[in-house]
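Presented below, as structure tokens, is a lone chain in the form predicted alone.
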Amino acid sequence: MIIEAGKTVVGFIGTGVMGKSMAGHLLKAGYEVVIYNRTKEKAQDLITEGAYWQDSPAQVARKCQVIITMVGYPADVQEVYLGSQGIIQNAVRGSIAIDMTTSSPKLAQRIFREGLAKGIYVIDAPVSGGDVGAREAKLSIMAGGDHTIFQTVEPILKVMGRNIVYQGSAGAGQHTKMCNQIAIAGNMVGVCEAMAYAKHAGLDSATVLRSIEAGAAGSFSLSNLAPRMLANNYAPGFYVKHFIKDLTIALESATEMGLQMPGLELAKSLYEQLAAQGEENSGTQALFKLYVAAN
């Protein structure tokens, strides 16, 4: 298969906070884009921009050479791929599916095998960069699956991201994303505690941020999410509930490998505490609220 804007029909299933921007970039790049989302109203902007709506994942799969999925949870991934109205049962033989959801490595491996048995090639390619990365087409994309298939779809991935790295066989992309989320989880705790410390030391938090984000402490979370904390802006670039899902997958995978992760366990417990206070639909920077409330 040769990927080419104007000729390749791309399906996109899941047009939420990040998926909407990602599908929009494909439209602007000249691809014919066919979409499905659980709530049609959330896809209306894309329809207005020229995307073609379908009423089910099955309908999308039947019409497209490449199908991208960006849904919520592993259970959603399983249904979209392996359900009776899913991609594996309905896609045309020779199609390529790219799951960009953060999901279970074991599920990615299962979908790869079941897809191959039907002549459908599946890549697991989760992303990092949040809403900002999605809007600016600067996502980091970590891919697992057949290397030749990865090379085939790389032109599409380059429309949505900048740092695109092939990690290995099926599931390797998801394992890499777990490494990413583990690093973020510990960093978010540190960012919140640093901002809380600055406040209680009587410092101007924004001025402190200017100094430390440019030094060894610098990180995406410090530069992009700490300013939101200080502005009491807790709108989701990435939902708390989805972050808890990711941390749960990471801990389950670590347990299977016999690996202890005390820092990850702490971060997960803090986010679960936050969710229990009704913040599951807030952005991950809302973790700062625990520190504000406690002090």
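Not measured: the values here are computed from a predicted model. Numbering starts at 1 and runs along the sequence shown.
Keep in mind that the form predicted in complex with a further copy of the same chain is missing from the display, and what follows is about it.
Proximity to a further copy of the same chain in the predicted complex, defined as a heavy atom within 4.5 Å, singles out one entry of Gln78, Gln89, Ser140, Thr152, which is Ser140. Interface residue among Leu107, Ala183, Leu82, Val159, judged by heavy atoms within 4.5 Å of a further copy of the same chain in the predicted complex: Ala183. For the chain shown alone, Thr207 is a contact residue for a further copy of the same chain in the predicted complex, at least one non-hydrogen atom being within 4.5 angstroms. The closest non-hydrogen atom of Gly263 lies within 4.5 Å of a further copy of the same chain in the predicted complex. A residue is said to contact a partner when one of its heavy atoms sits within 4.5 Å of a partner heavy atom; Thr102 fails this definition for a further copy of the same chain in the predicted complex, lying far away.
Using a 4.5 angstroms threshold between heavy atoms, Ala216 counts as touching a further copy of the same chain in the predicted complex. Residues Thr39, Ile47 and Ala61 are none of them found to lie within 4.5 Å of a further copy of the same chain in the predicted complex, as judged by heavy atom distances.
Proximity to a further copy of the same chain in the predicted complex, taken as heavy atoms within 4.5 Å, picks out 220-228 from the listed stretches 89-97, 220-228, 67-75, 113-121. Along 226-261, a non-hydrogen atom within 4.5 Å of a further copy of the same chain in the predicted complex is carried by Ala250, Ser253, Ala254, Met257, Gly258, Leu259, Gln260, Met261, in order along the sequence.
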